[in-house]
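Next up: a single chain in structure tokens, the form predicted on its own.
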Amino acid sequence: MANNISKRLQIIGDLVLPNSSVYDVGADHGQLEQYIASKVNKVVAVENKKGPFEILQKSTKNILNCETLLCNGLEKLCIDNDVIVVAGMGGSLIVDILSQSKDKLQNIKQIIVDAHRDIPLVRTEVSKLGFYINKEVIVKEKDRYYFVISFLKGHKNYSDVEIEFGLGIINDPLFNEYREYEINRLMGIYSKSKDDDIIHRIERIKSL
């Protein structure tokens, strides 16, 4: 198990399907690889810049079932990979990475995302690729809230509220705390912009 693994990466690792072959885009220092090595058959850790890739190689060199790749996105996704993790980046970039290689997703059983922006966009666009949300978890780190989302192969329809705020997220232990945080954050934005769309979002959150 990785030392000092973040709560967010731990949640991602716990959601990964057991006995799977994982393709982790933007693997950073390989903490996730260390955490999940014992529960998966194989993990492919990907970085697209030489410096971070060399760090990744060093940090995962003792993980026997881990392969490191220097490449962009899903360009080296193999037919035996059945789980994709794309974490720690903006939602638009996550959507681009997945959509640009949608022809490679036939054998994928699960996609786990941790988008730091544009989360409703991710819910919408990943669903269009033939996957449905099976679980969402709110994670709090350093006074910020993150949504880790697991998609499985298949299709479901969602309401506008589910796309905007998450599937079953009101049952998450952190939801009430997140709701108060988001209301206060939006009120701060509204005090400067006087944008009526902000007020509408605040009212929607309050109604949950």
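The first residue of the shown sequence is 1; numbering continues from there. Just so it is clear, the structure is predicted and the values come from calculations on it, not from any experiment.
Heads up, the form predicted in complex with a small molecule isn't pictured, but that's what we're talking about next.
- Only one listed stretch (160-168, 28-36, 175-183, 58-66) carries heavy atoms within 4.5 Å of the small molecule in the predicted complex, and that stretch is 28-36.
- For the candidate spot formed by 84, 109 and 127, no residue has a non-hydrogen atom within 4.5 angstroms of the small molecule in the predicted complex.
- In the predicted complex, the small molecule sits within 4.5 Å of a heavy atom of residue 71.
- At the 4.5 Å threshold, heavy atoms of residue 201 stay clear of the small molecule in the predicted complex, well away from it.
- Contact annotation: residue 91 falls outside 4.5 Å of the small molecule in the predicted complex, judged by heavy atom distances.
- Contact between residue 97 and the small molecule in the predicted complex is found at the 4.5 Å heavy atom cutoff.
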